[in-house]
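Next up is one chain by itself, shown in structure tokens, the form predicted alone.
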């Protein structure tokens, strides 16, 4: 069964969505919308027969069954609402919204219309992150104590969003996938170095009711590119390095507590075991994400990166933004 899909937004990242949709078996690229004529001309040079329009609403009628929204972040909620109201399945780039009430209303609209709603939390479809979830749920790592994530580089300046909203959805969505619940409190501190009022660097801390803690470092003002997520657990430790060649490493390292001891120095002993590098079937996460979206449309399954998880991610980011404005004061969540 062929699925007709339109892409709304043909900028730097939207072009990748166009490429994926146009080349995916079982899908037809029904059209591309972007108000920028130069963006449309770039698409025309690659796909001369594709329908190209300036107004995204022109693609929300007819036989289009699903849309991918890759427009600027501020336009996501309105376009997602229009597409869902028109009866279209929606894959919208992150963030879904910058207000949790808006995110909740979009999730409810998708649910009431029985449509697949999904957010482009790309990292939850990365094979290494999927394997991490499997390892954590299997119990082989033991009890999770804390997570630490770093997403930094010397990269492109954003003028419409800070490092929290630009980078944060990736790491918060990964942590949400692994823990499958929202934190009870969020604290964030940041600094605006290059542009007044736009934080280039943010340090985010999340605490959970069950005792875990997650710390996230986000910045586009750093001497080197780093994309790293570390899980410290009672039995083993795991590290996902998206920049390195070996994407996932499992460390048999930690402290052991002997069942019996006679001296305090014997109570905790360091275990320094092997490092295991699992073999992962690496594929492009963006293509895996789109295939997951299509599969869920056909099967009716609830997708990873669904709108309920997007509500939790939005709630964390919104609380973190309030904490930023209060110089790091913890902000509670009530989800």
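Positions refer to the first chain, counted from 1. Because the structure is predicted, anything quoted here is derived from the model rather than measured.
The form predicted together with a small molecule is left out here; the points below concern that form.
Contact here is defined as any heavy atom lying within 4.5 Å of the small molecule in the model of the complex, and by that definition each of 12, 71 and 75 is a contact residue. A single residue from the set 106, 163, 97, 79 has any heavy atom within 4.5 angstroms of the small molecule in the model of the complex; that residue is 79.
With the partner omitted here, the stretch from 35-43, 58-66, 293-301, 306-314 that lies within 4.5 Å of the small molecule by heavy atoms in the model of the complex is 35-43. Within 4.5 Å of some heavy atom of the small molecule in the model of the complex lies at least one heavy atom of residue 170. Not displayed here, the small molecule is approached by residue 120 to within 4.5 Å at the level of heavy atoms in the model of the complex. Contact annotation for residue 8: at least one heavy atom lies within 4.5 Å of the small molecule in the model of the complex. None of the heavy atoms of residue 207 is located within 4.5 Å of the small molecule in the model of the complex.
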